[in-house]
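Okay, so here's just one chain, in structure tokens, the form predicted alone.
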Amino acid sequence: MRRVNPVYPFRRPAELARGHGTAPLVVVGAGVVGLTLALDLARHGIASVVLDDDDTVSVGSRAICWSKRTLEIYDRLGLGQRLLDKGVTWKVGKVFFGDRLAYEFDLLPEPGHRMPAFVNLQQYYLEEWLVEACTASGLVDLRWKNRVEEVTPRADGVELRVVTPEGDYRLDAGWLLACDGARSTVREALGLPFLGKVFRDRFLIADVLIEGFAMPAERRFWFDPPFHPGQSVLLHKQPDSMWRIDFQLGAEADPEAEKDPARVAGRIRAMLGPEVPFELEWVSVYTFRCRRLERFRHGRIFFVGDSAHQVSPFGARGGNGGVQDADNLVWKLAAVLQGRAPESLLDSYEAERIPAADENILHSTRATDFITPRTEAGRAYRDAVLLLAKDHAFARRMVNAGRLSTPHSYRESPLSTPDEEAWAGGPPPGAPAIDAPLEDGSFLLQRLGGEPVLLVFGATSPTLPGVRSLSAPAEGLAAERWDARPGTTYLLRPDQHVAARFREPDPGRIAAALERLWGRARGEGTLR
């Protein structure tokens, strides 16, 4: 049965009556990233206006592979269990060369994590849940069919001209978060170019309804399969008997001709066999783009997600990277707006998320070069690696069907306090927190929340203003994963990344690290 998207009503903004209005914080774009930002801001008590030129959620599955770190973020925001309940959980990937298995891998071989390696869920479901949660918060003013036409930056904010079905109005925003995607009108209004590569190869992407299709929940990638010779194919299972299939087409393919339903059906029939019934739900054609803006902050304007950076879909780095952008920015912006941190803290958004984008772009570019070699020598190398991978571990490390999304570690962040003691393991400063089960049946990350936390193993935590204390036993799986012994102390940021760690809970050193976490050296109010 073909899916029907919800249609959200246009509501006449009060500004239309007087032609002008103000808003402390405006989000442009009600996709996954914009809605995640708005919801997270609401969880911090910050109201926002969200402008979107459409009146529904995404058409087609779009982003479907939500990584463990992204699932942990949504768990903090109250949506984690819905993703687990509805989505398809998986952790195994298989790579084929021709009609034979080259190798398989397990992305989360160890137990004791609340969230799995990946959950597959169509983007439109997540967007619907985010709309519901934003509406329920009472702090998000969602304005559908409100298109931003002009953007005028000022020292103290941004002036927008917004067009609606009943006229246009001016809106003065104190801060503007541009989450309006790869074709960002905000970015175009500022004349900001992307830096990077656009690859020539085209790929067909299809949502295919296949009732009763017997295949396990795992990622399957084929190089040069017999049903699509000379090209590559990717297959993912989604909820509701929906399957996502990507076909490499080549650089010379005609996008409009390739989207013809009969042509697409022929490709799918060759893959599944003539006896398997199916129904096409959604089809699109895309090219790879691996590029980003030079800067993600322009005064009072921040670019988040695809408006700031773009990667190929292999590796699930686009949607996950955008959600993790939002996770990084919100707590800093909330702290500044609430007067708990200097505005200079916001500079760390670029300092941390530009290296994260570069890491994703590097992996995405390497995957693209391996999947679509541009020379005969490159193809010969790729095919030799795939032949060797079945029997030789060294070759498996060279196979690149898309290095799957992992969270970036802010090793060089100005907010991180470097180690002074020796550590054999555990998450270092800048790294995301590691989950583990606790004695009461809960999980560690569930106890952290979205505020600064002082995590102390096997000892009494010192009491410090502006940070919540949490105790954990100095034995067990959590202590093992955190390289903890009695007295081991971690200072966690509101986004659950490590700010500092100490072998003893020294109040003076912790206080200094807390000052650094908030983006200021002692008494200076600036980043160092």
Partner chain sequence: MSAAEARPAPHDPDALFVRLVRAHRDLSPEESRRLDAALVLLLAEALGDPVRLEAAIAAARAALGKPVEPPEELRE
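Residue numbers count along the first chain shown, from 1. A quick note: this is a predicted structure, and the numbers were derived from the prediction, not measured.
Heads up, the form predicted in complex with its partner chain isn't pictured, but that's what we're talking about next.
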Choose one stretch from 378-386, 400-408, 435-443, 207-215: the one whose residues place a heavy atom within 4.5 angstroms of its partner chain in the model of the complex.
378-386
Quick check on residue 197: any heavy atom within 4.5 Å of its partner chain in the model of the complex?
yes
Are any of the heavy atoms in residue 423 no more than 4.5 Å from a heavy atom of its partner chain in the model of the complex?
no
Wondering, does residue 263 line up within 4.5 Å of its partner chain in the model of the complex on heavy atoms?
no
Closest heavy atom of residue 124 to its partner chain in the model of the complex, within 4.5 Å or not?
no
Contact residue in the model of the complex, chosen from 295, 100, 340, 374 - any heavy atom within 4.5 Å of its partner chain
374
Exactly one of 161, 291, 86, 145 comes within 4.5 Å of its partner chain in the model of the complex through a heavy atom, and that residue is 291
Contacts from 429-447 to its partner chain in the model of the complex (any heavy atom within 4.5 Å), listed N to C, are none
